[in-house]
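Shown below, as structure tokens, is a lone chain in the form predicted alone; questions about how it binds or moves come after it.
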Amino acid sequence: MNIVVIGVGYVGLVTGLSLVKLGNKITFLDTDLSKIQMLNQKKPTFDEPELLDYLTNDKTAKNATFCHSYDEIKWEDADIVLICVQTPIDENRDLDSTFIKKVFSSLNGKVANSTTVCIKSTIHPSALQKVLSEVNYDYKDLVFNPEFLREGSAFYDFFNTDRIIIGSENLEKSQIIASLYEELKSEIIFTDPISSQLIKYLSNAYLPLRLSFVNEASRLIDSLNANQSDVLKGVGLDSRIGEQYFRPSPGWGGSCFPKDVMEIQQIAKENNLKLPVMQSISNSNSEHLLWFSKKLVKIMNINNLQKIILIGAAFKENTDDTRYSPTFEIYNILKNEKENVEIYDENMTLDNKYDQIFSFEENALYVEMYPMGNKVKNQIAELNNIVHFRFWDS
């Protein structure tokens, strides 16, 4: 099929390139000219395993084009339009619909009735209906197909997804979207638009709930001097609980979990609902970041070290995404307490508001913010008078 993918972020680019592999022709559209220029030169615009391989593949070269203007697209030839733009939270914790509003304003009058317009961006339908009413766009034929791609394993997740969710009031167009995934071995759930988005929101609330729980458990384990790995393994082996997303960490962040948890809280507020468990998820994470920061200071002082060095600026391994990164949160906490703290990341250069080092130093506490490769471990092992701290191993 001929598909237009609007937005070349994690969701749009990974989804589109995966669909090329499944035999479709994809036209990528993004108004950020610099990104389109890089992609036309087969250069990745973010770090993601396998992305470079996809961009340099001969099949991609034949079946993927990258455009930065709506006027470049032959809309009459499009079988499907996939909308994959960001839907961030503004400073008031409200949904910022600026990007998706621009998309529908630009699409109005261009897309044929026979074209299936599908939203992969995360936005609850009531908010979308408000946006569409402002640009006079018809809602009833839209299809919602939320994504469940983890940064760092996005291509694997596309082809090995646990489920495919399709929400629409138009059964015919739902089937068209379902046909994109006919080669994948995954259950497809057809439902209504609101339910489809709630599946995404609640999944992205439950996972940080687990992370917050295991981090609180790790604090209890630490305070009683118990064996962390034994306790968490013993709990996780319960088949009702499981071991996935059960690794303690300095805190959780990223582009999805914080945003979607805040948005659920806002939806609840608008509907006069009290959801104390949902409310506690973010509070627990904030408390854990404070606790972890104090723990680092304690370790540094006990060992008579001069500074704390946080290794890894991203919010998790195998990505360069620093949105809501625990590294930055902990850095800011320590700086506010006048502690000597720096960040080391061999893969990216940070904004000058952060003290960054590019070579290892002695007399320091080295903190892996997430599991690192052997290269970093071996370099640290050669230093004198240092402590190498991995929270999940403590």
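The numbering used is simple: start at 1 and walk along the sequence shown. Keep in mind the model is a prediction, meaning the values are calculated, not measured.
Just so you know, the form predicted in complex with a small molecule exists too; it's not on screen, but the next bit is about it.
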So which of Gln228, Ser249, Ser153, Gln86 reaches within 4.5 angstroms of the small molecule in the predicted complex, heavy atom to heavy atom? Gln86
Can you work out which of Ile308, Leu180, Val214, Cys256 has a heavy atom no more than 4.5 Å from the small molecule in the predicted complex? Cys256
Taking heavy atoms only, is Gln356 within 4.5 angstroms of the small molecule in the predicted complex? no
State yes or no: in the predicted complex, is some non-hydrogen atom of Arg210 no more than 4.5 angstroms from a non-hydrogen atom of the small molecule? no
Asp32: touches the small molecule in the predicted complex, heavy atom cutoff 4.5 angstroms: yes
Does the 4.5 Å heavy atom contact test between Ser168 and the small molecule in the predicted complex come out positive? no
At 4.5 angstroms, heavy atoms only, are Leu82, Ser174 and Ile194 all close to the small molecule in the predicted complex? no
Which is the contacting stretch out of 107 to 115, 185 to 193, 74 to 82, 121 to 129, given heavy atoms within 4.5 Å of the small molecule in the predicted complex? 121 to 129
